[in-house]
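Encoded as C-alpha cells, the following chain is the form predicted alone, with no partner shown.
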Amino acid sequence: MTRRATIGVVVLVAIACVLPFVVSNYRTFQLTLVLVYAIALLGLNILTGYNGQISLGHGAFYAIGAYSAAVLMDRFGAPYWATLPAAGAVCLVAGFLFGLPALRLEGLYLALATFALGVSMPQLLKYHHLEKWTGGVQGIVIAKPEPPAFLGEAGLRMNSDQWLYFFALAVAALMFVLGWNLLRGRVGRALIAIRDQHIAAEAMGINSALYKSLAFGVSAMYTGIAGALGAIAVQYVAPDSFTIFLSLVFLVGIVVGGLASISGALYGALFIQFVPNVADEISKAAPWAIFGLFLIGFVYLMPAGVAGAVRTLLVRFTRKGAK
C-alpha cells in the first residue's frame, strides 16, 4: 500500500469513528447496515468479481448466517459476538459444499443454480419441521446488545446503536484486511487467472476445481458473517426478509460499486442502503422507478463502477499535480 493510500485509509477510519457522535441514532443504525452490506458485497465480489462465478443466490447464505446467530442467541443464550465465527463457519462449509456440484456449471447455468438456491431458501425456513428452530413465518426476535460495562467505567458513554456501529466497524475492518491480504496474494492471483483464462491457469498447475470451491466457500463465509451481524443490528429475522430480491440487490451493489474492487464493496453498500431512501423521498408513488433511473445513470456514467471512477479521478489529479 502506498503512502497516499495509507493516509486515505487513516482519514477514512477517523471520519468513521466520529460519525456516530454527530448523527442521529437512526442514521447510526443505517451506517451500521452499510458496514454489514459492505462485508456481504466483498464476499460476493470475491466470487463474481475476482473469480468470475455469477451468483444470484447469495441472499441464501446471508439468511443462513442470520438464522445461525438468531438461533444461537435465542435458543442457547450464546453471546452475540460468538455467533459471528459460528455463522461464518457454517456458511463456509455450506458454500464449499454447494460449490462442488456447481463446478460442472458455468455462466448462466451457474447463475440459474444459485437463483434456485435463493428462491427456495425462504420456503425452507418456513418448513413446519424446522419451526422449532426458525420460528416459522413469525421469525425470531433478538435482544439488542448493550455496551460493555468497561466502557462506562472508562468514561466512554455510548448507547446501544453507537456500540453496535463500532462493533460492526471493527468486524468490517478485520474482514476487509483479511480480504485484502487474500486477494493480493497467491490465492487472489489464482482466482483472477481462472477468471481470465481457466485453461491457461490449469496448464500452469492451478487446481481450478479447488480454487473455485474455495472461492464459493470464502464468499459464503463473508456473506454469512454479514448476515449474523445484520440480524444482531436489526434484532429480528424472518423468512420473508431473505427473498430473491436480496440476492439481486447484492449483485446490483457489486456492479455499481465496482467489480474486482475491494473499495467497491463500500461504495456499493452506500448505494443499496441510501439510494432507495432517496428515491422514496423523491417519489412516494413510484420509488423503484426512480431507483431504476439512478441505477441506469450510475451504470452509464461509471461503467467500471464507482471505484473505477474514483481511481480515474485520482490518476488525473496526480498527473496534474506532477506537472
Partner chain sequence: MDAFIHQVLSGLATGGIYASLALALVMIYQVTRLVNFAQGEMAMFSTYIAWSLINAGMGYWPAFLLTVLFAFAVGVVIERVVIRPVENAPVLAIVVVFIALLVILNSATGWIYSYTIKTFPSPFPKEPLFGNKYMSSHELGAIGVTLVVLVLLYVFFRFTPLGLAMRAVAQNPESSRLVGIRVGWMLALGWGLAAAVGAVAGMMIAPIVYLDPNMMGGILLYAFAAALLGGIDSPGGAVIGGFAVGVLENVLGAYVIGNDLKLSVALGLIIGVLLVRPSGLFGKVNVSRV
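Numbering follows the first chain given and starts at 1. Just so we're on the same page, rigid core means the largest C-alpha set that superposes within 1.5 Å between forms. Keep in mind that what you see is a predicted model, and the values were worked out from it rather than measured.
Below, we refer to the form predicted in complex with the partner chain, which is not included among the displayed structures.
Taken together, 133, 157 and 278 are entirely out of contact with the partner chain in the predicted bound form: none brings a heavy atom within 4.5 Å. Of the heavy atoms in residue 273, none are within 4.5 Å of the partner chain in the predicted bound form. Contact check for residue 75: no non-hydrogen atom falls within 4.5 Å of the partner chain in the predicted bound form.
In the predicted bound form, residue 98 approaches the partner chain with a heavy atom inside 4.5 Å.
When the partner chain is considered in the predicted bound form, residue 143 lies well away from it, no heavy atom lying within 4.5 Å. Checked against the partner chain in the predicted bound form, the candidates 93, 169, 86, 251 yield a single residue with a heavy atom inside 4.5 Å, and that residue is 251. Partner contacts here mean any heavy atom within 4.5 Å of the partner chain in the predicted bound form, and among 263 to 271, 66 to 74, 289 to 297, 24 to 32 they occur only in 289 to 297. With contact defined as any non-hydrogen atom lying within 4.5 angstroms of the partner chain in the predicted bound form, the contacting residues in 49 to 63 are 54, 56, given in sequence order. With the core held fixed between this form and the one not shown, residue 290 has its Cα displaced by at least 2 Å. In the predicted bound form, the Cα positions of residue 300 and residue 275 lie at least 3 Å farther from each other than in the form displayed. Relative to this conformation, an increase of 3 Å or more in the Cα-Cα distance between residue 299 and residue 275 is found in the predicted bound form.
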